[in-house]
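Listed next as structure tokens is one chain, alone, in the form predicted on its own.
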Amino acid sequence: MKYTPFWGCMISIKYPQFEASIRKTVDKLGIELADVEGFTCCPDPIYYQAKDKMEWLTIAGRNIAVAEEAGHDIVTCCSGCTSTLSEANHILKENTELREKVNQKLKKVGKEFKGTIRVRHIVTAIRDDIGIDKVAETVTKPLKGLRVGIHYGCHLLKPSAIMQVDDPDHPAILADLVRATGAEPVEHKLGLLCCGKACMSDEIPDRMVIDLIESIEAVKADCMGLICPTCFDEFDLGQIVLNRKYQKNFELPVIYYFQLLGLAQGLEPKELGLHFHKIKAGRVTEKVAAA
């Protein structure tokens, strides 16, 4: 299977270890990532869209047009990028008038949105095109005994009519993928709560992150597992900030799914960039080594 990867801003600039973990793991699944040049920011699905939806659609449409020229579906590795590009792709395919307006703008830079490809988060491509069983077949060092508190976040699942990833109220995709590594996905009471990144205040997202960390700690998970770099930022660096701000003692490792998969495929923690995380993953790597 061949896809065009859209890495987005956060992974490319701030968390390149996530890109490395994807590149090192998906080859074993039979996935070829056909990189193309010319992508920009997705752009942001919240603030940018709220300020100027037409410009937001145009920039997203240009990114999709770049991938259309390559002829492969886009796979994104960030839930925010998935949200923007999926929604823009849906709108421009369905709304002829908007598509014509966007293409008038894109004509100035020699691009045209045609609506010939799909946009998906890479985990949905793996589930639907490769299969969970194939993921399990690549595991050489099962993460037995590792308890992973799942965090879905907002943009992977909603709006469900456009994203069409999973049941937005009872999702299973991340739990199934974690289970394929040999780890145990652990449910907690706030599994669908937003990370709070989009809130226009300091107090509300602080409270949300605190509640989520405490929810996962309450079920005695060894780490949090997620697939969005923006959520990762809120929980990894966020714990350091909250510890200082509110005199907390949070030390919950936050692990991007493909880092977990890499560990299960026998890769070393440094190959997956776990040493770059603010909250160190010692309890995770020790448990994996002892399994």
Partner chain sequence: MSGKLLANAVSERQNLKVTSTVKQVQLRQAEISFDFRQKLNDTLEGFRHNYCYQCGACVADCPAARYAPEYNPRLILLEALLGFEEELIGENSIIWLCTNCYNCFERCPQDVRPVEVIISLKNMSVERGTSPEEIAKISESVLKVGSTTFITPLVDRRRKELGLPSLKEIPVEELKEILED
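Positions refer to the first chain, counted from 1. What you see is a predicted model, and the numbers here were worked out from it, not measured in a lab.
Note that the form predicted in complex with its partner chain isn't included here; everything after this is about it.
- Exactly one listed residue, out of 140, 116, 201, 96, brings a non-hydrogen atom to within 4.5 Å of its partner chain in the predicted bound form: 201.
- The partner is absent here; in the predicted bound form, the one residue of 252, 29, 241, 36 having a heavy atom within 4.5 Å of its partner chain is 36.
- Although the partner is absent here, residue 62 is a contact residue: one of its heavy atoms lies within 4.5 angstroms of its partner chain in the predicted bound form.
- Contact check for residue 282: every heavy atom lies farther than 4.5 Å from its partner chain in the predicted bound form.
- Contact annotation for residue 245: none of its heavy atoms lies within 4.5 Å of its partner chain in the predicted bound form.
- Residue 9 belongs to the set of residues with a heavy atom inside 4.5 Å of its partner chain in the predicted bound form.
- The candidate stretches are 144-152, 178-186, 203-211, 124-132, and the one lying within 4.5 Å of its partner chain in the predicted bound form by heavy atoms is 203-211.
- Shown without its partner, the chain has no residue in segment 132-153 with a non-hydrogen atom within 4.5 angstroms of its partner chain in the predicted bound form.
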